[in-house]
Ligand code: NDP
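Before any questions on how it binds or moves, here is one chain, the form predicted on its own, in structure tokens.
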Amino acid sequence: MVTASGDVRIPEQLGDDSNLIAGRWTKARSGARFPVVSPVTGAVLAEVPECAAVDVDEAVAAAKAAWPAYRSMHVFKRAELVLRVAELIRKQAETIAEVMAVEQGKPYTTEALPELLETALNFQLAAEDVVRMETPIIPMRDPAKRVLTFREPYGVMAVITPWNFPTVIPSEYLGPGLAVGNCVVMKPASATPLSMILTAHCIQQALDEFGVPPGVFNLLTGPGAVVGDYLVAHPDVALVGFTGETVTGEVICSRAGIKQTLMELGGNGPQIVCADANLEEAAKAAATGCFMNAGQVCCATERILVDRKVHDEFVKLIVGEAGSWVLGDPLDPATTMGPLNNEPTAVKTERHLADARAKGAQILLGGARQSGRPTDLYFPATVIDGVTRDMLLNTEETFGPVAPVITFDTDDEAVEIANGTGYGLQMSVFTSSIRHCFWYADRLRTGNVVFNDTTDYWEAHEPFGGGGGTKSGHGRLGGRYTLDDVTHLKTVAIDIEKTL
């Protein structure tokens, strides 16, 4: 591994022929391309195809043509194929992670390489789980009838993924989608396509080794407003998986119409610190939740709700924890937090902090971009106290390295603040009381609740997704549960008295 981002060698597979359509690496039909710029150094890392509707049509047609044969492939054979993808990703993990560090900005050792290993794990879990899918046999009132159920793939699956986790989020869709027999057309985020293109080489190598029809997996790069919008509305796409911000998810759902959708959308995760909490552990967890991946995580700790009785002590601890996070080059082993990925995220972070300061909040640490860096995207760990419910830091998802402290007086008030934004992806509570755990678990409106750990806690096989009726989406990503969302249930009734 190199020790400076400027020394990274970009693999030759990354260039203007980085589209994958019908098993071939190709350029955009128009020949157009766009640059991928490193948030770490400001350098252009590569230029990749800028696709349009004609490229989408070609990729979807390839997936549609490949589907009949691929869905007929025996499930154990598909499982072997997907497991082979996991093996190939592990072999290339260091190379891909190095590229990810310089195109996304996350530290190589603590975040980028672990992401690649979890990417491989997601394919492995899908391969293991798909051969254990069970469906019920249903007793009927008619004694001559036997009713069986089967889970079947939808057909062509569109996958659109964000820039904050360039390979692990796609793998949460691709592993299960391919394992059950869907064919895929995916669009990675335009800010971070390179590491996913390299991962796609692993996927295609496995497909080639198993002799499947060309077009089972396709990858297109290009602007979301062109490629993504056209892809999700395409009449031959049957299933859409998307991870990203809530507003974009709403647009996708409106364009997808009656298609099946799997949406993992925005979060505004609170960490609630009760008076009986272990404050040292709570502060460490909050720092991880706020500053991991520079706060650019859907389940980041966007708000820290602290009981007034322990507020002063906790604030001292979180300031100390935040001060230990080292901002720098993601390929430097000493770095624990890299730059923000893009200018809109930096501007939004500044806007939220300015709003809070104008309304009376106090910045205790950080609060502004650092000068003298290779780019203007280096934003230090920031702690701000005195945040109130009317501030943007509470009502919106900031997505930056900010620890906003909000004070509450009662458990009921904490629940009201936590639920008040309409988001419900993952929340965290620190308490030493098991009664408190169940009290909060019953009242927090969210898909996931973590007790005595960070809001960033997850494991690859657990069900993860938004709480029903919230702005955080629907469906579940994680292990066995995603297999249900990328298949539909078919019911078969047989009259055994009239059947030879």
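Note that the structure is a prediction, hence the values are computed from the model and not measured. One-based numbering along the sequence shown.
Although it is not shown, the form predicted in complex with the ligand is what the next lines describe.
Proximity of Arg303 to the ligand in the predicted complex: non-hydrogen atoms within 4.5 Å are absent; the residue sits far from the partner.
Interface residue remark: Ile252 is counted as part of the site for the ligand in the predicted complex, having a heavy atom within 4.5 Å. Interface residue remark: Phe242 is counted as part of the site for the ligand in the predicted complex, having a heavy atom within 4.5 Å. Of the heavy atoms in Val216, none are within 4.5 Å of the ligand in the predicted complex. Within 4.5 Å of the ligand in the predicted complex, a heavy atom is found for every one of Pro188, Ala225 and Gly228. None of 70-78, 137-145, 394-402, 100-108 except one has non-hydrogen atoms within 4.5 angstroms of the ligand in the predicted complex; the exception is 394-402. Only one of the listed residues (Ser195, Asn164, Thr349, Thr382) places a non-hydrogen atom within 4.5 angstroms of the ligand in the predicted complex, and that residue is Asn164.
Scanning Ala127, Val387, Leu331, Leu425 against the ligand in the predicted complex with a 4.5 Å heavy atom cut-off leaves one residue, Leu425. Residues in 348-364 all lack a heavy atom within 4.5 Å of the ligand in the predicted complex.
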